[in-house]
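Shown here is one chain on its own, the form predicted on its own, set out as structure tokens.
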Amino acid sequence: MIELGRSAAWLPEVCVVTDVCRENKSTVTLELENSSSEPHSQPLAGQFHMLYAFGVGEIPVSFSRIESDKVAHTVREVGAVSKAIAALKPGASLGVRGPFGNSWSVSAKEHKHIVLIAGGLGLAPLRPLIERLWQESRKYEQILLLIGSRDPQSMLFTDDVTRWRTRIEVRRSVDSCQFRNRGDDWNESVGFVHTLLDRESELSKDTAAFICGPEIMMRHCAERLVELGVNSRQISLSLERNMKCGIGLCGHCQFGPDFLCKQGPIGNYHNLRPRLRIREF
């Protein structure tokens, strides 16, 4: 976890929106360039920023792309703050605190087989890790990426998926076949994303898995991975809670003994499993 100075932790710095990409009807990706004289610490894949829409409010948003001088955040319009952020245009200003939280951890020395599972917007926090694995794909024996979405039109980063498929095995699925009544062209799987694992009869003991998406989807996927032979300690989940401060003071993100803005958002399934079995915990 990156230790933050007082200004990065408490006070938002002003960043400039340099580009905006509409991913689908309810989701946009904003590219940010730091305009502060004191640049943020370099973020890691899996961490998040607290983004502040001036005069509206603040929300946590994971990094969907990380470069040396720019980062990107992918935002779905679901509330007043996310709608205000998604409505920003290039040249607009946005308040930023962070980066906060821990990161995805993978080692080519320990893991020869990698499984990544994304449900809906969960592909965004995994995207920086996927990019790293794509660039370093020769270090691994197998990299399998499973992507689930509500329907074909909700799929994110379709151009990236085409590129990733040049080095990584990618399987995609949509939740139901109702979209076919609208004439969508879809020739891949239909069903919840965890059913894509049904093609696997067994996975190597040196497999590392990374999962991000709705909590019930992550639980089903993790349970299936354990059945296939993956060590529960090698299954990483990114949990989402209503984070307000990002520094472990407000308590909104408490999950059992952990504050997810500090001890999370990423944890291993072995430790999280008992809590995930408790309904509405």
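Only a predicted model underlies this, so the values are computations on that prediction, with no experimental measurement involved. One rule holds for the numbers: they count along the sequence shown, beginning at 1.
Just so it is clear, the following notes concern the form predicted together with a small molecule, a form of the same protein that is not shown.
- Interface membership of Ser62, defined by any non-hydrogen atom within 4.5 Å of the small molecule in the predicted complex, is confirmed.
- Taking the partner from the other structure, the small molecule in the predicted complex has no heavy atom within 4.5 Å of any heavy atom of Pro90.
- Using a 4.5 angstroms threshold between heavy atoms, Ala45 stays clear of the small molecule in the predicted complex.
- The small molecule is not drawn, but in the predicted complex it has a heavy atom within 4.5 Å of Met243.
- Partner proximity in the predicted complex, defined as non-hydrogen atoms within 4.5 angstroms of the small molecule, places exactly one of 73-81, 139-147, 190-198, 105-113 at the interface: 73-81.
- No member of the trio Glu23, Ile130 and Gly213 reaches the small molecule in the predicted complex with any non-hydrogen atom inside 4.5 Å.
- Only one of Val96, Leu121, Leu203, Ala208 lies close to the small molecule in the predicted complex, with a heavy atom inside 4.5 Å, and it is Leu121.
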